[in-house]
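Given as structure tokens, the chain that follows is alone and in the form predicted alone.
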């Protein structure tokens, strides 16, 4: 399908589903969606010639559009076979849990009361009942949408959540589970998350993206997030993704970090046909800091693309990027890390590191660090490596009675765990380790490595 035909396809789809989308009766919401759609019509879907997407143009998926998921009621009871308790491999100690099935929010039975200072608002309900609370978030997101997929998310999303954490809540943990099932085949589920951490508040958000059932055709999952971290606040946000191999998984994060606040963004990419993770972080207050870290472990013809931008807008800000890839088969991992230091952001410190281990002669790794510095008093560095496993290390382990498969698994595990072990949340770290274990040939090799 040609680029113009794809654009026309989505324009026609919007006219069909717009009356069914949450907030359709609110003029401000409908206008924001139409502005987003107009931006999509102008930008179009990215192609292999689009610089920011040149390593995400996987197959023909951009030219074979997946219709937005059907808009259905969001208050259905949780089906027994989708009980998230059946998915849990570790207890996160979460104070709240939100579940989405193929983009549809599901109300769980027996959800316990939230602690004071923690509020969860279904975004669909806000768009219908409290547009004044939802409208500023929507307006900011529409203004920041800088490519076709981001604009489409805002035009079509039918569900999501607004999470508000006040200081009185203490250190809270919120678990968000995204399930994809056979019912989502042929569609893209668009969801939107808004998280606001008040001044001095502390929170951890753990997202799990998993699939159930045997999927025989393509499907899409598109998640946009807006994060606001107040002064002296702390937010740790982990995205742990193990989607089915035919899923196209797109996610983007836009964050603003206040004075002396700390933001940690973690990513574990294991599944999907294509997994793309974007993050744009504005360090807008003096002393703000962000730590972006992640691991991608790919096989077959999987592709993962991490595209990260940090903007140092205030003095004495700090950023760090640490990503590692394990690439097997014909897989491809791409990393783009862009650091921008604005005039007046004296004392900024920025470091980047991207390391890739090729487990197959057919695997490919792409690493692109970028620095844009407009002031003198800064400390910025970047580095990347691409290589194979150290054969002398393999020989050493085999000389100690370890078979070759286990030796190589141990080396791969150690390579990835060097990043995962620094996750600040114990439950999220254990969950990430358990998920990674299932993707390595020797599962017992990880048991004692943390």
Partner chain sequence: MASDNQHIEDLVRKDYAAGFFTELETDTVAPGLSEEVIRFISAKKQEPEWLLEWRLAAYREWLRMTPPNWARVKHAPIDFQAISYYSAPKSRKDAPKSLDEVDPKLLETYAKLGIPLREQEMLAGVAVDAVFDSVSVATTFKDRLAKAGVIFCSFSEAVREYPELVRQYLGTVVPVGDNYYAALNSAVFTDGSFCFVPKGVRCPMELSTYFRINAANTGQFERTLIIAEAGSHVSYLEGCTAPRRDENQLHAAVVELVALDDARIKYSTVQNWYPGDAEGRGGIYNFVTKRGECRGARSSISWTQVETGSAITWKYPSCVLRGDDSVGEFYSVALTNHRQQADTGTKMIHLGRNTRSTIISKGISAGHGQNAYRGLVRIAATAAGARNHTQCDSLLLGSRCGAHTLPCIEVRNPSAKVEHEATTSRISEDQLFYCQSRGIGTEDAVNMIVNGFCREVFRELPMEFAVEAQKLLGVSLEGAVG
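Residue numbers count along the first chain shown, from 1. Model, not experiment: these values are computed from the prediction.
Keep in mind that the form predicted in complex with its partner chain is missing from the display, and what follows is about it.
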_4.5 Å heavy atom contact, residue 27 to its partner chain in the model of the complex_ = no
_I'd like to know whether residue 54 contacts its partner chain in the model of the complex, with contact meaning heavy atoms within 4.5 angstroms._
yes
*Going by a heavy atom distance of 4.5 Å, is residue 374 a contact of its partner chain in the model of the complex?*
yes
*Do residue 379 and its partner chain come within 4.5 Å of each other in the model of the complex, heavy atoms counted?*
yes
*Though its partner chain is not shown, can you say which of 239, 270, 126, 363 has a heavy atom within 4.5 Å of it in the model of the complex?*
363
*Identify which of 422, 388, 64, 47 has a heavy atom within 4.5 Å of its partner chain in the model of the complex; exactly one of them does.*
388
_To test your reading of this chain, name the stretch in 198-206, 352-360, 220-228, 153-161 whose heavy atoms come within 4.5 Å of its partner chain in the model of the complex._
352-360
